[in-house]
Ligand SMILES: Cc1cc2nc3c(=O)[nH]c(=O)nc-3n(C[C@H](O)[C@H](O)[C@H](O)COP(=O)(O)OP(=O)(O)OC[C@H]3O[C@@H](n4cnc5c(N)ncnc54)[C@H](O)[C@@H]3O)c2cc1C
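Only one chain is given next, in structure tokens, and it is the form predicted alone.
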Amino acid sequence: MKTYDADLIIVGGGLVGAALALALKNTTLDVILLEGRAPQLDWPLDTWDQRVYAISRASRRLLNEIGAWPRMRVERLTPISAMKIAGDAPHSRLEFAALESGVDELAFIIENRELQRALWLALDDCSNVRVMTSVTASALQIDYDAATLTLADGHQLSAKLIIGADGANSWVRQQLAIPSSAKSYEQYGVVANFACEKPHYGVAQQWFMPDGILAWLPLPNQQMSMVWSCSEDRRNELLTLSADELAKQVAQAGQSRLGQLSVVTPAAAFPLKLTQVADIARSRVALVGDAAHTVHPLAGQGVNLGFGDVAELAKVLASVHPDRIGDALVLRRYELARRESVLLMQTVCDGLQVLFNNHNPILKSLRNIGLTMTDSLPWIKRQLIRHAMDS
């Protein structure tokens, strides 16, 4: 009889990998979570992470169920009370308000490191999860009855199932030569945090511009997080500005809606791309999060898609006998269940990016009319926001 070191091994202990391990805590499955570097769990509380996420209602529900949400510090959370979107023409706008949608908030803004901290603290209560840090995998072999990971020190781990939760440049995906296509947007996401002269009242703001997309996300203590999707030239300009000049340019780009700004966290940048993966599940292997898909950040749905993967895969694995968790037909159920949601979000985000990153005067007129018309249709607005909240 085949012996295993664990029922399943999750490669990658980031947000999605850690959430999957937690989602399996009430099962009989023996789980190993493999992470090259343990996250930092303590930092000066007067500093703020450059990367933040808009957590949807569905993601919050998952995080609460797996025990991570109660471990997040309320003073690091910001509820979004409204969303204001402006096109690149006067009076072209679209606005969503939580009260109009019958909810207390549209989403919550949370720092990457605070969310990671809460997930890892919750892992301490998982008796069926073994966390291995400071280790890296060097080889992956898939056989009929097992998946075997060879670590950099030569040690081998065998399991019925390997989960690739190791990001957009997934090592697991590369080891299995799973085809993927990457579309570069030839843009970068420039992120920074600012203190604001005026209160934001929990309102998130977004501007579609001819050369990119600017978003302001509310943070505690009258601060906001900026995400500016822009060209390489604009990225280079923003990264070389002094703190004062950066604050002035960002305030001007946002029509000074929050008054004068001052830099809290310096600017950083990352490339933007769309990644589509041919197979997110095969015999003995499944991919989750950015290893399975990436999207443009304009809708702020990347991490929520990953948490959707977690919810679905955990449900599938909990519904079958432990001996069958690596079966191709079982994992196919997960792949089919996620296909529509992922494809829809990728198509919408990609379409909006192409539509607004376009200088065609006809398209410019149509996109701005579309924003204004949508804003005048309450039923459509409610459907859009409820879909985003439940994604």
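In case it trips you up, residue 1 is the first one in the sequence shown, and so on. Here the structure is a predicted model, which is why all the values come from computation and not from measurement.
Only in words, not in the display: the form predicted in complex with the ligand, which the text now covers.
Asker: Heavy atom within 4.5 Å of the ligand in the model of the complex: which of Glu35, Asp49, Glu335, Asp30?
Answerer: Looking at the other structure, the residue within range turns out to be Glu35.
Asker: Under a 4.5 angstroms heavy atom criterion, identify the one residue in Leu214, Leu176, Val191, Ile85 near the ligand in the model of the complex.
Answerer: Only one option qualifies, and that one is Val191.
Asker: Residues in which of 284-292, 253-261, 154-162, 315-323 have heavy atoms within 4.5 Å of the ligand in the model of the complex?
Answerer: Of the options, only 284-292 has residues within 4.5 Å of the partner.
Asker: Applying a 4.5 Å heavy atom distance criterion, does Gln187 contact the ligand in the model of the complex?
Answerer: Answer no; every heavy atom of Gln187 is more than 4.5 Å from the ligand in the model of the complex.
Asker: Report whether the minimum heavy atom distance between Gln301 and the ligand in the model of the complex is within 4.5 Å.
Answerer: Gln301 belongs to the contact set for the ligand.
Asker: Does the ligand get within 4.5 angstroms of any non-hydrogen atom of Asp166 in the model of the complex?
Answerer: Yes.
Asker: Give a yes or no for Val135: in the model of the complex, does one of its heavy atoms lie within 4.5 Å of a heavy atom belonging to the ligand?
Answerer: Heavy-atom contact with the ligand at 4.5 Å: present for Val135.
Asker: With the partner left out here, which residues of 6-30 have a non-hydrogen atom within 4.5 Å of the ligand in the model of the complex?
Answerer: Stretch hits, in order: Val11, Gly12, Gly13, Gly14, Leu15, Val16, Gly17.
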